[in-house]
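Only one chain comes next, encoded as structure tokens, the form predicted on its own.
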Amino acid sequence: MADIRNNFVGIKSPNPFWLASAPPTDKAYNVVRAFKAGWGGVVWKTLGEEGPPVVNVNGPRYGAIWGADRRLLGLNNIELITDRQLQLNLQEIKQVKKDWPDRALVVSLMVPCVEESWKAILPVVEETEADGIELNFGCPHGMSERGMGAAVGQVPEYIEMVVRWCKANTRMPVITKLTPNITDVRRPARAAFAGGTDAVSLINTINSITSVNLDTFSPEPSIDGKGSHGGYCGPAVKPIALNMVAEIARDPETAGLPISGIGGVTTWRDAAEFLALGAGNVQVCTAAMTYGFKIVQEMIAGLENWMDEKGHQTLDDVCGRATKNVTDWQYLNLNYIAKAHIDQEACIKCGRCYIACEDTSHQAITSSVNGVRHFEVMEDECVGCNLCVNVCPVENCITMVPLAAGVLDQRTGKTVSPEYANWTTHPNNPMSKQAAE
């Protein structure tokens, strides 16, 4: 049996599945239910400084994007950080950690970008014996307008400054949560690294408006006829999150920086992909809000079964395995040639591959043979774009088959070269000509 115990910057948990800082981790009642269901850890919903609690709206807080089958693809939320008293949160955190010592309990924090504010909150959080803190530099709405959240996360200099304050004033591991609402995520990651952060977590939610009510002409969710931008999360953001995790994992300037992966993790496979790209564990929110806390049991079983099947004994056998295979476009092998192939026995003759290829791609699929409905790839036209594979409703009906070295590519009339070649050396690249000269 695979061992999926997790040790993330010294914070131990029985598995790599943590609940992200969000409504599911807002109070002891939720967190205890989560631990009973099997979650390895939680990041407690973001705490603010001592004083009057934050005020949330008292109406709809979520907008949604659904698939054709009503499956939830993404949530937009306009909720702010905890609106419960700081001392009540601290009391509950201390009790939960005492009762569940084997689970990871990290506290998310957001206070004004003033050193004294951070110095004030760190010792009271430390007194709870929580395992670590997560600096919320990602919230894109409500708090950012007050100079916190993404307003800090979008300025690398501020990130480095606050991380240094925290590292100087607490013994707890510091995890810096990054915003995706930025051009190059490597810059804030480098700043956090320079400030001494123990890890980064990403992504936080993406600035968004998910829909507009065409009767009232108000963005959803609507509060008395008005709407606001909010934070987008869920399965739809997973590709963006995977890319940003990979960018940090393969950046020479942040090499070895631990990463907690967040963004659309719904199944064990999602988690395995984050781990393979360099994450040390994963945080989950939308999936728990959609399906309940017990979804973690499927995640645990699925990850263990896959690792057993592949012969991976520990998470270290998985973490970062795919990072070395992420590269820039200019280094992709231009001598690699593949063609689509349609399994005629599996084909249901729906014609989606033909329409997609004929209307929007390379006119490389037949629609009939001798007047009979028949879909087949014409290799002399196929560029191997993979569009037909992605639109086909039958899994594995269409596959991409690489051409072996020495085989004739009917489209170009050239034989496939066994040599590796990329754009940096291609004769059509003006930069390669300049370099040669």
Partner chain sequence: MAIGLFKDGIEPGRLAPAEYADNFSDLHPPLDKHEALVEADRCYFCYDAPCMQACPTSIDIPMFIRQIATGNPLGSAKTIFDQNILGGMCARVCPTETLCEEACVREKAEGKPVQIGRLQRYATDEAMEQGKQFYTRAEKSGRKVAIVGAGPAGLAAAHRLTSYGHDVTIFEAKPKSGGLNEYGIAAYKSTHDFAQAEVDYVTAIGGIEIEHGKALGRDIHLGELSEQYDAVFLGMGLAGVNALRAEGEDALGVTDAVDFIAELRQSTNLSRLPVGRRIVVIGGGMTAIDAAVQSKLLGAQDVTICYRRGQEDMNASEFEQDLATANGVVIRHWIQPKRVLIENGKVSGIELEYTVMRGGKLTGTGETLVLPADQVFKAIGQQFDANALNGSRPKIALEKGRIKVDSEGRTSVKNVWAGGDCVADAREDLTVAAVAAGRDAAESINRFLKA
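Note that the structure is a prediction, hence the values are computed from the model and not measured. Residue numbers count along the first chain shown, from 1.
The next section is about a form of this same protein that is not shown, the form predicted in complex with the partner chain.
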Legend entry - One residue of Ser361, Asn213, Ser367, Thr290 in contact with the partner chain, assessed in the predicted complex (non-hydrogen atom, 4.5 angstroms): Ser367
Inset, instruction - Name the single residue among Gly320, Gly351, Gly302, Gly196 that comes within 4.5 Å of the partner chain in the predicted complex, judging by heavy atoms. - result: Gly351
Inset, instruction - Although the partner chain is absent from this view, report whether Arg373 comes within 4.5 Å of it in the predicted complex, heavy atoms only. - result: yes
Inset, instruction - Look up in the predicted complex whether Gly59 has a non-hydrogen atom within 4.5 angstroms of the partner chain, and give yes or no. - result: no
Inset, instruction - Verify the contact flag for Cys347: yes if a non-hydrogen atom of it lies within 4.5 Å of a non-hydrogen atom of the partner chain in the predicted complex, no if not. - result: yes
Inset, instruction - Indicate whether the partner chain has at least one heavy atom within 4.5 Å of a heavy atom of Ile355 in the predicted complex. - result: yes
Inset, instruction - Sort through 97 to 105, 184 to 192, 68 to 76, 223 to 231 and report the only stretch with a non-hydrogen atom within 4.5 Å of the partner chain in the predicted complex. - result: 68 to 76
Legend entry - Partner contacts for 386 to 411, taking the partner chain in the predicted complex and a 4.5 Å heavy atom cut-off: Pro393
